[in-house]
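Heads up, the chain below is alone and in the form predicted alone; it's given as structure tokens.
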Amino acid sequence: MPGIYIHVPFCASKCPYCDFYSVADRGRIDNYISAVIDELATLRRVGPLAGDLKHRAIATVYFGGGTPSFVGAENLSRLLLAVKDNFNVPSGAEITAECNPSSSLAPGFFETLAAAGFNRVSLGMQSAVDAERKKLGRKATAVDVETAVKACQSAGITDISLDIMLGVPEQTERSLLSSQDFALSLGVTHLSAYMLSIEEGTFFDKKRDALNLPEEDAVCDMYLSLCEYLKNNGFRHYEISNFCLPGHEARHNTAYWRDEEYLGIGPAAHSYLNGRRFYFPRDLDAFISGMPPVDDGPGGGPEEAVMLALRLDTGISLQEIKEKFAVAPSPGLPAILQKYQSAGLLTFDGDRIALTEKGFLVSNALIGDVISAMDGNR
């Protein structure tokens, strides 16, 4: 069953590390909402690329950004209603909204979301240490985060994820531990832990030398420490950057890593449907004016499947790849896998390959080597 992603490209201000597409402009919210609702109703721009999507059950709906909560609970509810009016969204579908604690605390915000059918919220915490949050350009405090989590739970939305960022300016293992303790004390069901990446063109990129960032080895130690801490507290490390209590995986994002289909609506939103990938340009005005998506070529090949699946703790089966894509792994593949297994970077039982937590730290190199040895015809 496919998913639907809606990009909400509005923020109160641009965080210094962020490279996601967003604008700080309330004046265009209404036009954007209207453009999204029109596309959901007509699919006039997506057209044949959507195939029979309107007749298929939708597994997940995800509102990302930007800061979706910036447009208000009523607008998010309008968008979700448009999805439900135009697609087959069963009662068990996962419906998620990303929210910023500083912009989602209006009275009744989460009650409005719950009434509309939202059943999962992802809150941008990044750190429970206010000094670190300030360095990251976050205006809300740890108290605001706690207030938002409790308000969400009181509204009946108990599937809650918090983001934690590793390697932020002046962070230490002790300060990270305080963020971990804080997150678990709130009773959330999911944590996403991302290493800070300095993206080209961001404010952090321009000020890189003055950021006082932890050393790379220290950040790797923080990651492994976090993995151990969460495992000891009942969380499953199911994807490189994601941890959950049993049964609380982010179903929408997991579908990406399983190379399943999804429709993306909004500027910068990507889609994968009927074997094709396409996306809307990173341009709010172009989206509002009706610009169609850009064809990004075929998707769903064996290399893509391996690259995505090895992000998951379940890894990938060579037999499944062979049956699905008629790809016979090269004779040299087992030797490569055994070398990395001896180094503690992956597990290989003769069929299934899965990266370990140490392997996750060097996943790009490992995945590249596995892919290069997959096709015996090379």
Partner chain sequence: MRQKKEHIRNFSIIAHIDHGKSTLADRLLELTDSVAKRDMQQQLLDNMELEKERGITIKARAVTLDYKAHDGNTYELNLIDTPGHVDFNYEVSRSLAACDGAILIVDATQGVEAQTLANTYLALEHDLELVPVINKIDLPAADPDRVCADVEEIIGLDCEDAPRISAKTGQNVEAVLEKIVRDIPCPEGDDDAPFKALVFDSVYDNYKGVIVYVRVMDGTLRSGDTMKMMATGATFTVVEVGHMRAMSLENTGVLKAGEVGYITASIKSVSEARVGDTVTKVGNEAAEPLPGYKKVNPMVFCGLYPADGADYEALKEALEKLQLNDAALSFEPETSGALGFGFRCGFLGLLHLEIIQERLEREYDLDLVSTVPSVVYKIHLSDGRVVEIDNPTNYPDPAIIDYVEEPMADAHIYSPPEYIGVIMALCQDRRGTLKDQQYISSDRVDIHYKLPLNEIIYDFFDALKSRTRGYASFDYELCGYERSNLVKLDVLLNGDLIDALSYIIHSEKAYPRARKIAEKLKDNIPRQMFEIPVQIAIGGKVIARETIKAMRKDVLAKCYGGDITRKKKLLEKQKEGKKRMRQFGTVEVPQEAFMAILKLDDQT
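Predicted model only: the values in this text are computed from it and were never measured. Numbering follows the first chain given and starts at 1.
Keep in mind the form predicted together with its partner chain is missing from the figure; the text below concerns it.
Participant: Even though its partner chain is not shown here, does it sit in the model of the complex so that Asp130, Lys134 and Leu213 each have a heavy atom within 4.5 Å?
Facilitator: Checking in the model of the complex: none of Asp130, Lys134 and Leu213 is within 4.5 Å of its partner chain.
Participant: Can you work out which of Thr96, Ser179, Asn242, Asn100 has a heavy atom no more than 4.5 Å from its partner chain in the model of the complex?
Facilitator: Selected option: Asn242.
Participant: Within 4.5 Å of its partner chain in the model of the complex, heavy atoms considered, which of Asp296, Asp205, Glu74, Asp283?
Facilitator: Comparing distances to its partner chain in the model of the complex, the residue within 4.5 Å is Asp296.
Participant: Heavy atoms within 4.5 Å of its partner chain in the model of the complex: which stretch among 215 to 223, 74 to 82, 285 to 293, 135 to 143?
Facilitator: Result for this chain: 215 to 223.
Participant: Since only the chain is shown here, I'm wondering whether Leu43 would be in contact with its partner chain in the model of the complex (any heavy atom pair within 4.5 Å).
Facilitator: No, Leu43 sits far enough from its partner chain in the model of the complex that none of its heavy atoms falls within 4.5 Å.
Participant: Residue-level contact is defined here as any heavy atom of the residue lying within 4.5 Å of its partner chain in the model of the complex; does Cys15 satisfy this criterion?
Facilitator: Flag for Cys15 set to no.
Participant: Does the 4.5 Å heavy atom contact test between Asn253 and its partner chain in the model of the complex come out positive?
Facilitator: Result yes; Asn253 sits at the interface with its partner chain in the model of the complex.
Participant: Does any part of Glu228 reach within 4.5 Å of its partner chain in the model of the complex? Heavy atoms only, please.
Facilitator: Contact check for Glu228: no, nothing within 4.5 Å of its partner chain in the model of the complex.
Participant: Need the contact residues for 306 to 343: heavy atom within 4.5 Å of its partner chain in the model of the complex, sequence order, or none if there are none.
Facilitator: Sequence-ordered list: Met307, Leu308, Arg311, Lys339, Tyr340, Ala343.
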